[in-house]
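Here you get one chain, nothing else, as structure tokens; it is the form predicted alone.
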Amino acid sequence: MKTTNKQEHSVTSYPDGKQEAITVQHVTKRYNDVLAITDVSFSVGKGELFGLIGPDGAGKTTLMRILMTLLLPTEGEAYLAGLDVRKEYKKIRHLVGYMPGRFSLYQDLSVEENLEFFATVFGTTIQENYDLIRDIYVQIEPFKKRLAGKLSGGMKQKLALSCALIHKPEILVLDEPTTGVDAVSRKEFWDMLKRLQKQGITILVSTPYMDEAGLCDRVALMQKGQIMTIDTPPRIVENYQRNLLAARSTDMHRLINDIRNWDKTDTAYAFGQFVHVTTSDDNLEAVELERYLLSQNHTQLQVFEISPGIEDVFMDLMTS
């Protein structure tokens, strides 16, 4: 990808000929002595599904609020569809759909009333753009008279997305939309995003769930207000060059402590039912770790080499 300077922010070229929908250039946000975001730069191509991946406190929400013109950056520049977030915020608010992390609709209005309200704000109607939200809204339409505050987490999620889409935005910005919902609703939501992307909508989504990174075209891994790497999920994993081991025994608490106390261990983290391990010598084989753990009297022991995932890359970048 060709990176342009400030004066050329609207003409960044992509391999497939797409242009930028979102451009962030050296953005920093400071609250007194606290740096929430430090020198963040990235761009999102038109029609791309781009993910900001990182834990709570990584700076994702602050960055999205700057893009939504709700906060001003301390330093740097940001553009949506070529519009400056500082100077052209009114235009930006009409071309962007925003779904904040917390459910922010009117809980004492019904599903239908919320949707009608947001349509009216943007000078449109439910009927005019119903085709865009049909696949989503049809799932909650049977409950259209129910108060929004009485909906389940998954139904609130679908209503919020419908309201963000009702004015047919060019860009959709979603701040941790799947946090707090069940696994089935998470899958349904990402299926909906894929269908929206096929309609030409640019999507910027943040999530703390590393498994959702693989559903994006490209991702930026964020930690402590900085971007550690940006690439496609497969390439991020391919660039991981370390030998990765997994271990399990009957006493997982003692296992992880013993591994961390081993003089050949570099990192050891709990991943589900296993401990993922990197060593100071990447030529070290699984049998050596197994031999050490057997000497510590671990039973029903399993140790083997594994392929890394996005979360392994994230942990490696944090400690490098």
Partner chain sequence: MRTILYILQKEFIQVFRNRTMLPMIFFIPILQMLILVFAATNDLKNVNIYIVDNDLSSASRKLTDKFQASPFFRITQTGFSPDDAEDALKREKVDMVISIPEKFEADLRRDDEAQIQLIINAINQSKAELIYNYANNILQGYNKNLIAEWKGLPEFNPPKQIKVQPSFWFNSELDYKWYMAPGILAILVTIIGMFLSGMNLVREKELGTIEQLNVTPIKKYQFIVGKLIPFVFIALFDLAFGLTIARLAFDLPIVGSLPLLFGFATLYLVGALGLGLFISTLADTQQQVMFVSFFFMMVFILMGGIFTPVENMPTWAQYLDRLNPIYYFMRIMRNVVLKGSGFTDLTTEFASLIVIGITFLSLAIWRYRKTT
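Note that the structure is a prediction, hence the values are computed from the model and not measured. Positions refer to the first chain, counted from 1.
Same protein, other form: the form predicted together with the partner chain, not shown, and the subject of what follows.
Heavy atoms within 4.5 Å of the partner chain in the predicted complex are found in exactly one of 252-260, 275-283, 34-42, 60-68, that being 60-68. For the marked spot (Leu72, His94 and Glu113), a heavy atom within 4.5 Å of the partner chain in the predicted complex is present in each of the three residues. Shown alone here, Gly214 lies farther than 4.5 Å from the partner chain in the predicted complex, counting heavy atoms only. For the chain shown alone, Val121 is a contact residue for the partner chain in the predicted complex, at least one non-hydrogen atom being within 4.5 angstroms.
Taking non-hydrogen atoms only, Tyr98 approaches the partner chain to within 4.5 angstroms in the predicted complex. Taking non-hydrogen atoms only, Arg102 approaches the partner chain to within 4.5 angstroms in the predicted complex. Checked against the partner chain in the predicted complex, the candidates Ile126, Met228, Leu109, Val181 yield a single residue with a heavy atom inside 4.5 Å, and that residue is Leu109.
For the candidate set Leu244, Ala81, Val237, Leu147, a heavy atom within 4.5 Å of the partner chain in the predicted complex is found for exactly one residue, namely Leu147. Along 246-282, a non-hydrogen atom within 4.5 Å of the partner chain in the predicted complex is carried by no residue at all.
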